[in-house]
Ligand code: AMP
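Here we start with a single chain on its own, the form predicted on its own, put down as structure tokens.
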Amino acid sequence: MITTTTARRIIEEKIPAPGTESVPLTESSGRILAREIKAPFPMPRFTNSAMDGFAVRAVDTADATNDSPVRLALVGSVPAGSPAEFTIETGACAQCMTGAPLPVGADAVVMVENTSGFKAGKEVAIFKPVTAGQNVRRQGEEIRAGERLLLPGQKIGPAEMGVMATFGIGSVPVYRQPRITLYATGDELVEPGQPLKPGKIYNSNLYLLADLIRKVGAKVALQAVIRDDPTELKSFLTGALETSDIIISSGGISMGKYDYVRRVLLDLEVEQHFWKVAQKPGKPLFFGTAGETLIFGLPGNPISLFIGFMEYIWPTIEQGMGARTGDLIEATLTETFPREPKKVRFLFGKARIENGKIYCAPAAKRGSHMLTSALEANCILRAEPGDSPLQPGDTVFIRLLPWKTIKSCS
């Protein structure tokens, strides 16, 4: 039996360098950027009007008032999307729509509300002065050409997609998503929606694992329920080892009479790196490799499986896709936390922010089979081995569930 720290180190050493590919911008949401993106041109690309109005020389409007407007000759109009093909001389102005290029000679825009309007004819009355640069978006004021927009390792969301579209980036370099195989073992498993016979249970773990994989930004390539039959299991795993980057099992990894997973994996020449970890829950945790394929065997108890995935497999998938993994956070306990003399103890918990500090309480239900204990949780609490429970006020480390938030109570 090895420590949790040793288990993580062994896994990290075996994770292959992430591969890369290019995908269309429309398919890049949720993917991890593989290289730096720089601005191919400045933004704004050209100096333009910030609103609908009239492009002017600011000095020409200095004396404008409601009672004594300045009158300027209208020399043209610049719609958005069209070039400004004339120059604004002293005493002149031009209609200029939002986003339209500022004509040469103009240095400000008077909003239409402060003028006699777009139907004023050949002369426009200006009722309010402007200063140089007012209502104008200068070329490059947001981003200069060549300036860094996005870093490798960033997860692509709405803002990232919008920025790339703004700069015309249609093909996005991303890290390749691993091909993940999920399987559960057990004659007792029945699919949700089907009637239950005596002694049967519903197959919940694969649904839990599949959603966790979606949340981390990867995809399930193959998913199956395998009977407690070593021949059937060997046939399934033989194919999975040829096509998968990561294989994850639910159940069948302990020492029960029908726990065939480890035995079959070893028969298939999977190299075992560890099988048991000094932790509660989830001591029976298998990790092995076959070439660059990573193989994880998780316990069948749902809380053991859930926590095992978050502590070991979630960061493995992130690292394998070039993403950054979140760090542990210090929190103050509000309730007693049970510890184990020789094992790291994990529990789901609920953290909150109060007066700038993070407080956390462990879940009341603590059995490894009690999946409902995760319903209100937003984190996993971790405590090092110890002979006595941690008490309210003690410090504990937590790992936030990435799809959850911490609410402030102050």
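Keep in mind that this is a model prediction, so the values were computed, not measured. So that there is no doubt, residue numbering starts at 1 and follows the sequence shown.
Just so you know, the form predicted together with adenosine monophosphate exists too; it's not on screen, but the next bit is about it.
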(Q) Among the candidate stretches 246-254, 78-86, 122-130, 314-322, which one is within 4.5 Å of adenosine monophosphate in the predicted bound form when only heavy atoms are counted? (A) 246-254
Q | Heavy atom within 4.5 Å of adenosine monophosphate in the predicted bound form - residue from 300, 103, 297, 282 | A | 300
(Q) To verify the annotation, which of these, 205, 177, 115, 181, has a non-hydrogen atom within 4.5 Å of adenosine monophosphate in the predicted bound form? (A) 205
Q: Would you please decide whether residue 201 lies within 4.5 angstroms of adenosine monophosphate in the predicted bound form, comparing each non-hydrogen atom pair?
A: yes
Q: Determine whether any heavy atom of residue 107 comes within 4.5 Å of a heavy atom of adenosine monophosphate in the predicted bound form, and answer yes or no.
A: no
(Q) Does any part of residue 169 reach within 4.5 Å of adenosine monophosphate in the predicted bound form? Heavy atoms only, please. (A) no
**Q.** Residue contact check: residue 136 to adenosine monophosphate in the predicted bound form, 4.5 Å heavy atom
**A.** no
Q: Select from 170-198 the residues with a non-hydrogen atom within 4.5 Å of adenosine monophosphate in the predicted bound form and write them out in sequence order.
A: 184, 185, 188, 189
